[in-house]
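Next up is one chain by itself, shown in structure tokens, the form predicted on its own.
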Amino acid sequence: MKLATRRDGSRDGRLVIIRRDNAVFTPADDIAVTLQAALDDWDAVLPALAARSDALNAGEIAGKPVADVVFDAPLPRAYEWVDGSAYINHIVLVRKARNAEPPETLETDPLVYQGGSGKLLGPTDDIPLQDPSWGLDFEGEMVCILGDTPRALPAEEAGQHIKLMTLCNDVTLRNLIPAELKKNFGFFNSKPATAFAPFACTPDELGDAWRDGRVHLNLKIWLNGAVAGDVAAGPEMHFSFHDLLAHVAKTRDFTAGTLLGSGTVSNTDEAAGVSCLAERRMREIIQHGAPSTRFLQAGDHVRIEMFGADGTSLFGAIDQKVVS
């Protein structure tokens, strides 16, 4: 089942169901007005949502063209946005870029930070560039959307609390990070609003690609029409979503509608490309002594998408331009 939020001028939009081929949608706001409302009462509304999704996919409901509406992030605002860093290659490269050592617990204890979630960007919203010297970067990631999740959850029980999957562009201001981290109090100004893909899928939509708490498909990123990365999301995800969820739930409960990110998808094979510019710049420094890739500037265009085995775009595209 694919769900989305149609913009209608209200703060949280209206819940719709997307046909598997992404061509048409049907309203679902009579079942649950918003996606958050659906997540709040997931077990009760899931049968009705699934039945309507099945009818839409079977052609029993005609649906309305997706091209005729504007979609917001699946959750235009969320209770919490917790982002991990599950790909060790990414951690090593970006730490080198700012002359910092990886933590000693790199392979045993996940890195996470808590981002802003009160205002999230839709899939086609512009990326604002306030100051080019701040080093604007994109980051392609996987995201799961949680149902109510209890404290002290073991990893082997985490899967049942992952209700939906989607993608994000975790926009980062690279040149603001070092000064913030020197204060030993984490990211803040360096992490502006994150953008999300238009569609959120139940894990069963991913078929065999969803296993061991990982999505075994490639994430594809384009910068100004050229492929920047075609990166495998599964094999090098050192900490699975199950591991990440168990880690963040160690001392707290999470409410339905919490977003949990994988961190930047990253492969050691340079031929796969990158999911962020910081990795490309670090590789240039290692090979040539200095970076030649610039950070994002006004007019740049970023697209992030993931395709299933049949070539269908699973979550729709994040398709953004950078504006001053």
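Remember, it's a predicted structure, so these values are computed and weren't measured experimentally. Each residue number is its position in the shown sequence, starting from 1.
A second form of this protein, the form predicted in complex with a further copy of the same chain, is not displayed here; the remarks below concern that form.
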Item to check | Within 4.5 Å of a further copy of the same chain in the predicted bound form, all of A152, L173 and T255 (non-hydrogen atom) | outcome: yes
Checklist entry - According to a 4.5 angstroms non-hydrogen atom cut-off, is D12 in contact with a further copy of the same chain in the predicted bound form? => result yes
Next on the checklist: With a cut-off of 4.5 Å between heavy atoms, is H247 one of the residues that contacts a further copy of the same chain in the predicted bound form?
Outcome noted: yes
Checklist entry - Is I221 one of the residues lying within 4.5 Å of a further copy of the same chain in the predicted bound form, judged by heavy atom distances? => result no
Item to check | Residue contact check: D125 to a further copy of the same chain in the predicted bound form, 4.5 Å heavy atom | outcome: no
Checklist entry - Of the listed stretches (277 to 285, 32 to 40, 49 to 57, 66 to 74), which one has a non-hydrogen atom within 4.5 Å of a further copy of the same chain in the predicted bound form? => result 32 to 40
Checklist entry - So which of E236, D148, D243, E205 reaches within 4.5 angstroms of a further copy of the same chain in the predicted bound form, heavy atom to heavy atom? => result D148
Checklist outcome for this item: Picking from I162, L111, L217, I88, the single residue whose non-hydrogen atoms come within 4.5 angstroms of a further copy of the same chain in the predicted bound form is L111
Checklist entry - Which of the residues spanning 168 to 186 lie within 4.5 Å of a further copy of the same chain in the predicted bound form, based on heavy atoms? => result L173, L176, L181, K182, K183, N184, F185, G186
